[in-house]
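Below, in structure tokens: the form predicted alone, a single chain.
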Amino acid sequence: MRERISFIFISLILSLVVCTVLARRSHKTIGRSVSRLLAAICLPVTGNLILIVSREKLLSTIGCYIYFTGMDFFLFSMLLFTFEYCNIRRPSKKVKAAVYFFLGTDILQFLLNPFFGHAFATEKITVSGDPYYRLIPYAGQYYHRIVCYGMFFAILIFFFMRTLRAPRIYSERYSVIFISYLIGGIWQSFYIFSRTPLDLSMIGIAVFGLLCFYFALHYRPMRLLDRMLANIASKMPEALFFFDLSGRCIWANRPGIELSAIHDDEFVQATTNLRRIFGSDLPLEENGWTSQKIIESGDDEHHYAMEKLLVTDERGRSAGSFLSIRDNTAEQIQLRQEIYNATHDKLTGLYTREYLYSRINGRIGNSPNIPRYAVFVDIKNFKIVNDIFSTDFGDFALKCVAEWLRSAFTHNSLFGRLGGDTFGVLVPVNEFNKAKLEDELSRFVVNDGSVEYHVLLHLGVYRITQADTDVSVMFDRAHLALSLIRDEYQTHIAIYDDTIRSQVLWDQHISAQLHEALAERHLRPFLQPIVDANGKVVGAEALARWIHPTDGFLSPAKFIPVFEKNGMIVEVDKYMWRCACEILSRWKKQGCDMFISVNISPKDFYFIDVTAEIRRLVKEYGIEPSRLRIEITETVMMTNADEKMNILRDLRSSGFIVEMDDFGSGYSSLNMLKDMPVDVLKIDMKFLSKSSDENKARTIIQNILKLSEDLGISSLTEGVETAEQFNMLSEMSCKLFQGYYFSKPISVEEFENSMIKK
């Protein structure tokens, strides 16, 4: 019997050692704790093995020491394992100190037992003819038992509470250890109180250690996991279908049953029903595919995401497959709405500029040989619509324009909103009916029920000749075509042609050479004399002329409008102001007291401080401000009138004389005249040529001259070409004159040689 029991103990010890090594090598964090626990269990089991095989008193006593101290190490390691395995918060420092004290005291008193004999002794007994040594407990042994049972019950309580509180899937791992630990404790207690010579309870402790190794590192509650996963699959919103190796449906969750319209036990019918719902081409026999299906039922549309995957066992062998069908209609609708919002203008519902450009590139790329127009649509004076009728009406007008575009052009066209009040259209040439569109635009009225207004639309048209032309360039050229429209209310459509193209090329050509022309003085001031009623030259107007090294003499009409459009007129004006100051400075030295009038463009006020610039030049050249007259047009005052008037007042207060050019060409001259700080009115004689009734025109001129005299404003008539005009204006008390009758604009040298010496 002794040999059989010894073999069992040796087998258990070897198993514990192997598991100790494996636990030590485990990648799991609890591996070290398990390894420590198994190593500690080896001590009391080894001590008990010595007691079983020993026939001598000394060896049995040594076995008792190993057994009792080993129990201390086992229970301490078990306590640490319990905290980690059960996820219990570590004890406080005081509790740790108490545990260390009682265990340390217990081990110490066993070490002192050979000297004092206070803990235990052994006595020889015979069992079945074999000698054994039985324990005789003393006070120290009872202290040992109190410490061990105290830790035993504490650990037991921890596992019991954890078993009760853990979810079912985890309670099994706690309950098995709890029960085996309890059995081992009861078995150990039986040995202690029965005082049997052979302690077989260590077999239970060793088995308990092996159970801890398994449950902590390798256990998976497969049955409970399967049940839990089945419950999860049943409650998932996706429809799930499981198929065996033959492709037959063997299970479906509740959404799958409802989707395929089968009864709970008719899973085989699911395949037929799914093909009826989603189409006969549904590849249910195949594995590893995904697809999107759209099912239409009346006005409703449902989107389904479908995925079929192969299921394998732990050896990688095919065990069947499962199909997942998810209704993602809401997601598709939201995605479609987000795409729409990103590609369509919020107000009009037309394409945004970026998306329109993208669609046009795609359309032209797919069929580059189809002739097409790029149409730029502009609402004229849209700011006035907003100012007069409110922005709400303006938004309504934009929506009406968008609706007109949808109705005026077919589905073969693309249209979108390019900006605030501009739109873009790509239309096939054979679908562009200019006469029909002109007729519709002439009658285009916006009516919101309370306000009716004729919105003026202009269409610039560019024929696309090269498919690789940038879309923005296409619409820029279509926009340029609008410059051909002269009669805004009679003509609504203009087509880009070679004239515009040539003008664009010329604009680029002449703009690129401006800085060189200023540096080399190819751009020069020409002076047109201004005379008084006696015919005496009293001043001149400085006019820009360009003596181009290759293009020859350029009139202002060839470059001034270009620079006014691109803003470079500011550089021209500053240059002309400086030239005028140079001339006046030279005249001053020669004793000549004539003045020079210089022009100020409306854009000068936006890009520079006009007052500061002119003051600086006058100071730099040491001339009197009154000799440099400032000439503005009425259009300067059409925007930010109050600010401009303050600027003119500053100029006048500095001694400059301000002249208003083209008086009467605008629509609010008389209204502004009462407040405008000007010294001279310039009246163009072309006013007479535009009138069918010359007598009326003369009467108006006479009254303007009389009005200026009454207001204390001097008058200057330009465009005088005949002696009759000069005499007539003199009789009307006009003070100053300018025109070809006296001289055309001439070079500075010619002016100084003829006019000053004269």
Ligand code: C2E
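Predicted model, so just to flag it, every value in this text is computed and none were measured. In case it trips you up, residue 1 is the first one in the sequence shown, and so on.
Not on display, but discussed next: the form predicted in complex with the named molecule.
Peer 1: Indicate whether the named molecule has at least one heavy atom within 4.5 Å of a heavy atom of G719 in the model of the complex.
Peer 2: Flag for G719 set to yes.
Peer 1: Is there a non-hydrogen atom of D679 within 4.5 angstroms of a non-hydrogen atom of the named molecule in the model of the complex?
Peer 2: Result no; D679 lies far from the named molecule in the model of the complex.
Peer 1: Please run the contact check for I560 against the named molecule in the model of the complex: heavy atoms, 4.5 angstroms, yes or no?
Peer 2: Contact with the named molecule, yes.
Peer 1: Give a yes/no on whether K588 approaches the named molecule to within 4.5 Å in the model of the complex, heavy atoms considered.
Peer 2: No, no contact at 4.5 Å.
Peer 1: Check each of I205, I583, I569, A119 and return the one that places a heavy atom within 4.5 angstroms of the named molecule in the model of the complex.
Peer 2: By the 4.5 Å criterion, the partner-contacting residue is I569.
Peer 1: Considering non-hydrogen atoms and a 4.5 Å limit, which listed residue (T611, Q528, N386, Q332) is close to the named molecule in the model of the complex?
Peer 2: Contact residue from the list: Q528.
Peer 1: The chain here is shown without the named molecule. Which stretch in 251-259, 402-410, 236-244, 596-604 comes within 4.5 angstroms of it in the model of the complex, by heavy atom distance?
Peer 2: It is 596-604 that comes within 4.5 Å of the partner.
Peer 1: Assess the spot marked by D345, F415 and V471: is the named molecule within 4.5 Å of a heavy atom from every one of these residues in the model of the complex?
Peer 2: No residue of the spot touches the named molecule in the model of the complex.
Peer 1: Could you pull out the residues of 736-751 that have any heavy atom within 4.5 Å of the named molecule in the model of the complex?
Peer 2: In sequence order, G739, Y740, P745 come within 4.5 Å of the partner.
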